[in-house]
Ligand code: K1U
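Shown here is one chain on its own, the form predicted alone, set out as structure tokens.
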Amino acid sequence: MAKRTILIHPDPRLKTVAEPVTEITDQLRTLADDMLETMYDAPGIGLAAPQVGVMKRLLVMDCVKEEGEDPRPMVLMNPEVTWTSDEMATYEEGCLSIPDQYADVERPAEVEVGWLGLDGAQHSERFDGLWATCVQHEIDHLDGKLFIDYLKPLKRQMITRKMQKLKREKARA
């Protein structure tokens, strides 16, 4: 396993729709392991392949945060929301590609998602709470959408300028 570099917004790859996974390879399994290691190290609760520069429809997540509770790392390939609740929920979202920036985003409170697992089987699960927010946020990444795209233009531009400044500072360092 190896940590991958997380792309920082603005980067055109973060606005690109990812390609479906067509076969499960050792390379894909390694990518999933690397992404989980990168996500836990960041630390974060979700990471999509485009965030590490791989344009495949693959995401990892683990929203277990309780001390002493077993982690629940999940790898979802070609995930698709198959049902959403009418009830909405607002969470303060952040993103590993937009460090130290947070904003309230409203999304369906519950979703059902179908995906291909590393075992080659189709899976389906209903998510609520933080898990529902996380899976929707990560699927957005696969569609070239960032959480700041839900914000008003002025707030979005302000965050984008902060990220451009951060990238310039990192480049100089």
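Keep in mind the model is a prediction, meaning the values are calculated, not measured. A residue's number is simply how far along the shown sequence it sits, counting from 1.
Keep in mind the form predicted together with this ligand is missing from the figure; the text below concerns it.
This ligand in the predicted complex is approached by residue 141, whose closest heavy atom lies within 4.5 angstroms of it. Under a 4.5 angstroms non-hydrogen atom cutoff, this ligand in the predicted complex lacks residue 114 among its neighbouring residues. In the predicted complex, this ligand stays beyond 4.5 Å of every heavy atom belonging to residue 108. The shortest heavy atom separation between residue 123 and this ligand in the predicted complex exceeds 4.5 Å.
Not one of 75, 78 and 127 comes within 4.5 Å of this ligand in the predicted complex, counting any heavy atom. From the list 36 to 44, 66 to 74, 23 to 31, 114 to 122, the contact stretch for this ligand in the predicted complex under a 4.5 Å heavy atom rule is 36 to 44.
Contacts between stretch 132 to 149 and this ligand, counted in the predicted complex as any heavy atom lying within 4.5 Å, involve 133, 134, 137, 138, 141, listed in sequence order.
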